[in-house]
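Next up: just one chain, as structure tokens, the form predicted alone.
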């Protein structure tokens, strides 16, 4: 495989850097456009090989483009992550000390919860319990908005969970600091925050992974212990390869992007 970094690779990296994280179908469209613009060899099924070339040249800078999956719908995402800093301190340049403490406490609540979510009410109550500096409700609400905008948290109907970007960047930090509370998906072997868990043997599966695994089974059974799977089987959305997409603009800024766990 060729390892030469071309202008096509550089353009791809530049656009991804401006977004931080990119949905799979958008990344594939960007891959095609970068290759066409700069006359680089293009094959629609070679995006990961294309990214591997970029990653080779990112190694000296302790950066890497990682491939991950949304826990909500199973779609593939690509994110540029910093390997030099593996803890929440990587956010220090964007957030104050008490804002980081609020994020840590929010992460605590999300991870120990039954469904991988924390309510806005519970999070706002934490603002008055900070050791660094207590925060007013309006200040805490603004911090939550910023965390969502920067893709560290996702919000749905007043409930917050870890964004796909956060899980991809902080997987090792979470596994190290919450090792007795979190597990990896038995199917894809990635960190699972939102998951279904076997009540017999304790293995877990992401909701999209469970949906795909049990799709053809009339009576679902645990892939590990073969006991009956008691949870409602999640519906599978269309894979991102079937979704229409257009390449993102090259600009500074950000882009938007019955559960049981234990």
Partner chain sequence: MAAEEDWALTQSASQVQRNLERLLPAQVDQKVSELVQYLLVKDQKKIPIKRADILKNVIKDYKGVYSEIIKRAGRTLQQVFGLQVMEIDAKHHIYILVSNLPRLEGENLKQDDCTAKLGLLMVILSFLFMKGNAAKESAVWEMLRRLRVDPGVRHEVFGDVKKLVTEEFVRQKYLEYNRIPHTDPPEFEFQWGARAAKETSKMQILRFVAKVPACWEGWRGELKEGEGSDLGGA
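Numbering follows the first chain given and starts at 1. What you see is a predicted model; the values in this text were computed from it and never measured.
Form predicted in complex with the partner chain: not shown, discussed below.
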| property | result |
| --- | --- |
| Single option in 94, 128, 114, 97 placed near the partner chain in the predicted complex, where near means a heavy atom within 4.5 Å | 94 |
| Of 30, 51, 209, 69, the one that lies within 4.5 Å of the partner chain in the predicted complex (heavy atoms) | 30 |
| Candidate stretches 186-194, 172-180, 141-149, 101-109 - the one whose heavy atoms come within 4.5 Å of the partner chain in the predicted complex | 141-149 |
| Proximity of residue 156 to the partner chain in the predicted complex, heavy atoms at 4.5 Å | no |
| In the predicted complex, residue 231 touching the partner chain (heavy atom, 4.5 Å) | no |
| The partner chain contact at residue 43 in the predicted complex, heavy atom, 4.5 Å | no |
| Contact of residue 121 with the partner chain in the predicted complex (heavy atom, 4.5 Å) | no |
| Heavy atom contacts to the partner chain in the predicted complex at 4.5 Å, residues of 50-71 in sequence order | 57, 58, 60, 61, 62, 63 |
